[in-house]
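The data below hold one chain only, encoded as structure tokens and taken in the form predicted alone.
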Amino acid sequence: MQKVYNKQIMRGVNLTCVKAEKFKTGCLSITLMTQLDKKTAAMNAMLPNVLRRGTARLPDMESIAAELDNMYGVRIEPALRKKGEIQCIGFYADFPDDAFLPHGKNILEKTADLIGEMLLQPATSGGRLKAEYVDSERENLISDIKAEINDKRVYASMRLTEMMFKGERYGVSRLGSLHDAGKITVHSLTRHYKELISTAAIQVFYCGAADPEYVEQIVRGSLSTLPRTDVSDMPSTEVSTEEWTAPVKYLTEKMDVTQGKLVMGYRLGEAMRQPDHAALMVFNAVFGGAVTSKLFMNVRERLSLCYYASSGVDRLKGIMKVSSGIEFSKYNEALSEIQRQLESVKNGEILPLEMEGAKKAVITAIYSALDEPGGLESLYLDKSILGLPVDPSDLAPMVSEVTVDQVAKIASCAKLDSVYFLTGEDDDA
């Protein structure tokens, strides 16, 4: 049995504790929540990696590695996530729970203290972050951005997002742009770090056997030097709830690729006014989010129109993406069939086996997340952003009660916004 505690423990710092004794490992994350913005996205993406390189006490990665080895192999990793229009950066740690270690080891406290060091006492030179770390991580960030561009499935999805949300926060990549990454200097990153650490809203999450009062005490201690000059409100993510009536946007690009990438973006509009999150998850699984889905069973398996086809709903923005890999010549057929399958969901043409398979897939995914500390951390971070009135552990029973009519109602709200197609350089169709 697990119990959940939420409390604001410092100005702009919220703590969520999931007290669960079934795990032999615990987890602790400290996440700075900031509004996604083109001007700062690349610096935010790079910052945790720079801070992880060294602290004032442990000035390099070798020193940190030795410290972690002495702490029973604690793992502390930089964390970077895009949640709707919020960029989440910080550190995630997992470690042996103190309940399973010799008395007095206090690994949780030592882990919290080390994360606090990384955030608040980074290795510096002349009052600035170390230039060699900034230069090295800037090149790593540039490589990561190029890797996403080279992964054509990821690239196509990014291009669709840019089409749908041109000039808006949601259209910004979690890594930022190549141009902005290349401009980062030790001066600009140090200045940004000092501003961010002083103003960002912070979410702290712990899962393990420790009492919440003890967790609060050690987190307060690890963040005792946190400067809180002008704390920002929790950043927001705007969910579009209006019915989408604008004409569909189409874009085709040519590259040296052997497989076409077709990505379609839908807005869920009215379904997001008072969102039924359990029904949204089942709808996505029925349409394209499970191996029993209409896209997988019909577009891929029965008609062989694509190499893969799947859908994904972002509840933090109120949109759905459909991604598929196709032969260049099958663009029109695949596009039409994907839309036809959505129409069948809108009409409630859902077989009992499709409904049962969708619910099983969603429930399995929920229980898998609830059954490991990292999954819980992600669920509760989403809950804090969405403001969900229900606990993640209550979602599975709600999924079981979802009806065909609820799924069809959500599908009827889905309106096609944009279509992106990446094709080969010699494709003249």
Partner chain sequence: MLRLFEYGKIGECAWRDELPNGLRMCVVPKPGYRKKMAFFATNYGGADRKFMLADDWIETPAGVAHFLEHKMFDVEDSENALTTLSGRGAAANAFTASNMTAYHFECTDMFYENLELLLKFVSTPYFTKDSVEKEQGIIAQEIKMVEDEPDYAVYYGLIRSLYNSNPVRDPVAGSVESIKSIDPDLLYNCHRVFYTPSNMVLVTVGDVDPVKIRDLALNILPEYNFPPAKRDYGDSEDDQPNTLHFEKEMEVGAPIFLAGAKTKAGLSGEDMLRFELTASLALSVLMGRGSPLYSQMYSEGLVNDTFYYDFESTAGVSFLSFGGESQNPEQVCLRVLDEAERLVTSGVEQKFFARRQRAAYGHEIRGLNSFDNICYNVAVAGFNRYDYFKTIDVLESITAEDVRRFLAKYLRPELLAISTVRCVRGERDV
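Given the structure is predicted, the values throughout are model-derived calculations rather than measurements. Numbering follows the first chain given and starts at 1.
Separately, the form predicted together with the partner chain exists; it is not shown, and the next lines address it.
In summary, among the residues 248, 101, 251, 351, the only one with a non-hydrogen atom within 4.5 Å of the partner chain in the predicted bound form is 101. For the residues 229, 125, 332, 140, the 4.5 Å heavy atom test against the partner chain in the predicted bound form is passed only by 140.
For the three residues 83, 170 and 426, a heavy atom within 4.5 Å of the partner chain turns up in the predicted bound form in no case. Contact annotation: residue 146 falls within 4.5 Å of the partner chain in the predicted bound form, judged by heavy atom distances. A residue is said to contact a partner when one of its heavy atoms sits within 4.5 Å of a partner heavy atom; residue 33 fails this definition for the partner chain in the predicted bound form, lying far away. At the 4.5 Å threshold, heavy atoms of residue 221 stay clear of the partner chain in the predicted bound form, well away from it. In the predicted bound form, no heavy atom of residue 313 sits within 4.5 Å of the partner chain. Look at 235-243, 258-266, 212-220, 339-347: in the predicted bound form, residues with non-hydrogen atoms within 4.5 angstroms of the partner chain sit in 258-266. Counting a residue when any of its non-hydrogen atoms is within 4.5 Å of the partner chain in the predicted bound form, the hits in 352-372 run 353, 356, 357, 360, 361, 364, 367, 368, 371, 372.
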